[in-house]
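Presented below, as structure tokens, is a lone chain in the form predicted on its own.
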């Protein structure tokens, strides 16, 4: 268990007749960033709340940082940090007062230096002694992150940490996740943003009430997203869409970075035929290469959702 941060066995949660989380078997390695990726309403928050001891499961068990989820709940809470989607900050407190209050809850002695370090890490020094009532969502999220990391947890749960934030605040959050990984902190990142998962995560769990797939992003792209073929064309038929619809094994296409990306059944077998078809319809093909599917395609394929523009 020394290399495992979270190990669940049949962990699940029902709300009456609704099965929010089907019995889940999951292993999260120490020091990794695990993306827990799925659509809104998929049960990601319920999983996060169970694993961080905020919500009791209705079945199964889990070991978190070497402690049983039920018997060792207090020990777990001392070693984890939780950022909820709605952090619940008090508007009359300043960031410094807020962190001092939570330092007391964690039993930190002489926390002043640690509070200053967290304020500096998130660029809050100039706002440290201002009431939070007028803070933007991005500023409030930074305070919530500082609170989450104040006691230097070994495991951090982040539930949709960039939801609704501006570009600069998103960058701060993402940089912080990368810094946590560098320090060896385990991060459980619940998100529905595929770009965020691709940038930050060592592995990605695709989840919709149950675990559908778990692997590194590049492996998921190869395994579930299929293959696309990238063409550079000097001459493009004016009726390109009609030309491609003539081919039954072409699934969809898109332009990206000056290339025509075509998703094809059995690309190794069909690509020469597609080149011949394009040339016969007036295209001048300058370059052809295999193009790996995007993580979005992999996730949509795993969830059984057809990509936009796919009429099949």
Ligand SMILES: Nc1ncnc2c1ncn2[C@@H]1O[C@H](COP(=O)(O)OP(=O)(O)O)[C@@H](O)[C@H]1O
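All figures in this text were calculated on a predicted structure; none of them were measured in a lab. Residue numbers count along the first chain shown, from 1.
This protein has a second form, the form predicted together with this ligand, left out of what is shown; the following refers to that one.
K.L.:
Flag residue 41 as yes or no: does it have a non-hydrogen atom within 4.5 angstroms of any non-hydrogen atom of this ligand in the predicted complex?
P.N.:
Within the cut-off, so yes.
K.L.:
Examine residue 45 and determine whether its closest non-hydrogen atom to this ligand in the predicted complex is within 4.5 angstroms.
P.N.:
Heavy-atom contact with this ligand at 4.5 Å: present for residue 45.
K.L.:
Report whether the minimum heavy atom distance between residue 215 and this ligand in the predicted complex is within 4.5 Å.
P.N.:
No, residue 215 sits far enough from this ligand in the predicted complex that none of its heavy atoms falls within 4.5 Å.
K.L.:
Give a yes/no on whether residue 18 approaches this ligand to within 4.5 Å in the predicted complex, heavy atoms considered.
P.N.:
Output for residue 18 is yes: heavy atoms within 4.5 Å of this ligand.
K.L.:
Using a 4.5 Å heavy atom cut-off, which of 253-261, 33-41, 269-277, 63-71 contacts this ligand in the predicted complex?
P.N.:
Within 4.5 Å of the partner lies stretch 33-41.
K.L.:
Which one of 154, 202, 85, 239 is close to this ligand in the predicted complex, taking close to mean a heavy atom within 4.5 Å?
P.N.:
It is 85.
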